[in-house]
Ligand SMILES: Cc1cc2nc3c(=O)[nH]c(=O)nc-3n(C[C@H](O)[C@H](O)[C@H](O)COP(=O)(O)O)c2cc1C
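Just one chain follows, in the form predicted alone, and it is written as structure tokens.
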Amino acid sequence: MRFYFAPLEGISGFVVRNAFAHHFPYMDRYFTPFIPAAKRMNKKILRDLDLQNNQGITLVPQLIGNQAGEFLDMAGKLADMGFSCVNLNLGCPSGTVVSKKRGAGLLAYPGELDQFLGEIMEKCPIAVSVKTRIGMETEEEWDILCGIFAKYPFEEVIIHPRVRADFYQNKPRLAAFAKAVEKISVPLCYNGDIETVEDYRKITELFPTVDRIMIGRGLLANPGLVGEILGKPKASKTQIGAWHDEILEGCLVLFPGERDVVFHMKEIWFYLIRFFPEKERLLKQMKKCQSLTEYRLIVQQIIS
């Protein structure tokens, strides 16, 4: 089984990836938060892609867009940087993204999607994988979309079996994933609501031919989850503390001010607090804190 760390906008940059690689080294691939194909490679993007900042990590850049020329131009730049694969985001449910026919928004236009995929698959200088939802509004859309994805020799297709209207609510639609297993011949990766060892076992028992799993929010709630799946002991508070401290120190170097650092760390604690259910009462204090000193005191109370 291969394990992938899902791209999480604003969270899964190289600082967090390195902390996982150092303290919980179980991930086979890491995916960048999406990069707009129409955007220039600014300093922030280049820094996150820099192989010096991702040593010992297999990193796959993720692009989002709907214009083949823009996608191919950015893929060419990634090839020049040494990347051998690029991932296409067809899953982002954000309103501002969807309104521009990007992310999950492109799924509402299967004809345009098919034309776009045909061109990039014919001309892309590196391998292409796809991360997709199963439609915009209803599961019935998946019949047509699944047929489109089945046409192309992607490196792999990562499926989050929810429609855009679900956002991250409701249960994953496993019947739709089963349809993909039946129709799509390239390797498939399952993504969605893997938060416990039991969740993992359920999916692998239902789909025994699927040999790759992507996890995002579940890993922030329990950074040692994949280790548990592989039979290792549950992560200790000491391990979680060391993982957290590496991220904090990395953010202190990365961000210009303490408030930026505290804001970033709060995003992680929105998930990580689940590892400390007896301390959830402290999350309110965490949300209100502004200074690094106050933040450190709250974290000490949670982890101690």
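Owing to the predicted nature of the structure, the values given are computational and were not obtained by experimental measurement. Note that residue numbering begins at 1 and tracks the sequence as displayed.
Omitted from view is the form predicted in complex with this ligand, to which the following refers.
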_If the cut-off is 4.5 angstroms on heavy atoms, which of these, Asn66, Gln62, Thr58, Asn53, is the one near this ligand in the predicted bound form?_
Gln62
_Residue (of Val86, Met74, Met214, Ala104) lying close to this ligand in the predicted bound form, criterion heavy atoms within 4.5 Å_ = Met214
*Going by heavy atoms within 4.5 Å, which of 112 to 120, 200 to 208, 184 to 192, 226 to 234 lines up against this ligand in the predicted bound form?*
184 to 192
*Within a 4.5 Å heavy atom cut-off, is His160 in contact with this ligand in the predicted bound form?*
yes
*Would you check, heavy atoms only and a 4.5 Å threshold, whether Tyr30 touches this ligand in the predicted bound form?*
no
*Spell out, yes or no, whether the shortest heavy atom distance between Phe276 and this ligand in the predicted bound form is within 4.5 Å.*
no
*asked:* in the predicted bound form, does Tyr271 come within 4.5 Å of this ligand, counting heavy atoms only?
replied: yes
*Quick one: which residues from 1 to 25 get a non-hydrogen atom within 4.5 Å of this ligand in the predicted bound form?*
Ala6, Pro7, Leu8, Glu9, Ile11
